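This document starts with one chain, in the form predicted on its own, laid out as structure tokens.
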């Protein structure tokens, strides 16, 4: 997104209300976050890079109004990039959830360094036990299902049950048709839109990785729970 940053005279600057955070600024702040020192392959721990995380949350806020003044839950938060981005974009409250206590510790440190007030929950997303819509928006970069087939859809199933407004999620582009069909048919989503295709940079992190880095095509999805679809 290209923005025209033209010069303003002094009076214009004084009279202008505070601007929303720019995409470049958001990406820069996320670029300074700590990442996994020893990622766990069984949990498919791959960092959500600042490029993707910033665009994911910037789109959710500026195109759909799903972040600012909303209660946001980050499912499988890892080191906290998505939740931190939501907090920086003025979410009312952010709940970051992960099964790995070490990840939560790093995410908490990242939030503290940016002076962000966020809550961290140690739990398997599938065991939360929440009933009905608990949050406005769910954001997530779920396991893609390389180790456990269908893991990403397990996350999506829970997300669509607890979000009152929208779910934003990343899924492999190669699974696009299956994800859409499953969300609409099995998970009671009223809409499932692949907003854009992104390149997820996977660095060499595990012993079985042969290349220095690999780009995986992923879709950024926006799902809307059926009961909250707006009438046209």
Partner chain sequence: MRLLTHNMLSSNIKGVVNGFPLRIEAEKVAEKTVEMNGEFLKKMFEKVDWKAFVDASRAMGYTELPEDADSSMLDSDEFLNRFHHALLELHLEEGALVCPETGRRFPVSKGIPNMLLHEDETLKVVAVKFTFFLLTHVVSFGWAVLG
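Here the structure is a predicted model, which is why all the values come from computation and not from measurement. Residue numbers count along the first chain shown, from 1.
Omitted here: the form predicted together with its partner chain. The next part is about that form.
> With a 4.5 Å heavy atom cut-off, would you call residue 142 a contact of its partner chain in the model of the complex?
Taking the distances in the model of the complex, the answer for residue 142 is no, it never comes within 4.5 Å of its partner chain.
> So in the model of the complex, does residue 93 come within 4.5 Å of its partner chain, heavy atom to heavy atom?
Contact check for residue 93: yes, within 4.5 Å of its partner chain in the model of the complex.
> Heavy atoms within 4.5 Å of its partner chain in the model of the complex: does residue 119 have any?
Residue 119: contacts its partner chain in the model of the complex.
> Would you classify residue 69 as touching its partner chain in the model of the complex, given a 4.5 Å non-hydrogen atom cut-off?
Heavy-atom contact with its partner chain at 4.5 Å: present for residue 69.
> Can you pick the one in 89, 111, 104, 160 that has a heavy atom within 4.5 Å of its partner chain in the model of the complex?
It is 104.
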